[in-house]
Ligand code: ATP
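Shown next as C-alpha cells: one chain only, the form predicted alone.
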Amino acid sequence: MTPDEAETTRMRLTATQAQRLCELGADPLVLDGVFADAPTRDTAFKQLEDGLVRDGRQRLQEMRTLGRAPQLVELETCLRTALSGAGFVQVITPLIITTDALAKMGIERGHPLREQVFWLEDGRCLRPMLAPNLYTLLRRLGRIWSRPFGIFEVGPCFRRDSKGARHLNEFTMLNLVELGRSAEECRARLEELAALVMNAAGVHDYDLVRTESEVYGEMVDVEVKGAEVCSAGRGPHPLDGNWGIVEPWVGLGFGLERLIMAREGYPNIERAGRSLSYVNGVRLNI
C-alpha cells in the first residue's frame, strides 16, 4: 500500500463528534486529527470529550466557590475602571430609539442596515448602535462641561446579523467618545484609546487597519488575527451637523463578546455572550 493509499484509509472525526468537541471548547487543531480506524477514532474522541467535560465542570465549580462573575461582567468592570481612571465619564442611555435617530445617522429607508433593525411600533426600535444616544449627550453636555471631555457607555445592542461564529443578535458594545481636542490630537488619541481598552481587556496582540463603514466612511478597525473587535473614527464628519456637533472628536466602538472571544481563543462567539447554553464559556450539556 502506498503512503497516499494509507492516508485515504485513515479516518476523521464524524460531524457529530467534531461538533460536540467544538461546543466543549476543543482546540480547532484537534478537530483535524486523523485516525487509523473507527475504534481508534472513537476511543480518542471519548478521551477528549471526558477531559473537556471534566475541565468544564471544574470551571463551573470554581465560579461557584470563588464567587466569580461571568466574563462579560468582569470585562465590563475592567473597562469601566480603566476609562474612569483616564478621565472618561460613564453614561447610560435608553435601549429604545426612534427612526428619526437612525435617519440622523444616515440610516434612512432603503439603507441596508434598516433590514437588520429590530422594529417595535410607532417608529421605534431596539438600538442597533450606541452612537445616536451618545451624539445627543455630547451636544447637551457640551453646553455645560469644559473641553476636552469624554464619555462612554457599555450596554446591549440588537441587530439581525446573519448567523455565524462571529455574530449575535444581542451583543454588548463599549462606545467611547472624546470631544474638544484638535484634529491633530485626535489622530494620536485614537491609537492611545485603542491601546487603553485593549490592555484593560487583556488583549495585547492586535493591529490597526484602515477600512470603510456604511455609516461613517473611512474608519480604523482594531483587529486580532484578522478579526475585527472595534471600529474607530474621527470627526468632524458630515453626520455631525445632524446632531449640532461642530468640533473635532474621536470615537471607538468595541464588541465585548468579540474581545472575550479573541482573548480566550473561543471558536464561536456564543460562548462569550448572553446565553442559556453556556455559562462563563462552559457548555452546559456536560
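Residues carry their position along the shown sequence, with the first being 1. Because the structure is a prediction, the values reported are computed rather than measured.
What comes next is about the form predicted together with the ligand, which is not displayed.
>> At 4.5 Å by heavy atoms, is each residue in Leu176, Glu191 and Gly251 next to the ligand in the model of the complex?
In response: Negative, none of the three is within 4.5 Å.
>> Tell me which stretch of 67 to 75, 166 to 174, 88 to 96, 196 to 204 has a heavy atom within 4.5 angstroms of the ligand in the model of the complex.
In response: Going by heavy atoms within 4.5 Å, the stretch is 166 to 174.
>> Only one of Glu247, Glu228, Glu62, Asp27 gets a heavy atom within 4.5 Å of the ligand in the model of the complex. Which one?
In response: Contact with the ligand in the model of the complex is made by Glu228 alone.
>> Using a 4.5 angstroms cut-off on non-hydrogen atoms, would Asp161 count as touching the ligand in the model of the complex?
In response: Close contact exists here: in the model of the complex, Asp161 approaches the ligand to within 4.5 Å, heavy atoms only.
> Should Cys22 be counted as a contact of the ligand in the model of the complex, where contact means heavy atoms within 4.5 Å?
Replying inline: Judged by the heavy-atom cut-off of 4.5 Å, Cys22 is well away from the ligand in the model of the complex.
>> Considering non-hydrogen atoms and a 4.5 Å limit, does the ligand approach Ile269 in the model of the complex?
In response: It does: once the ligand is placed as it appears in the model of the complex, Ile269 has a heavy atom within 4.5 Å of it.
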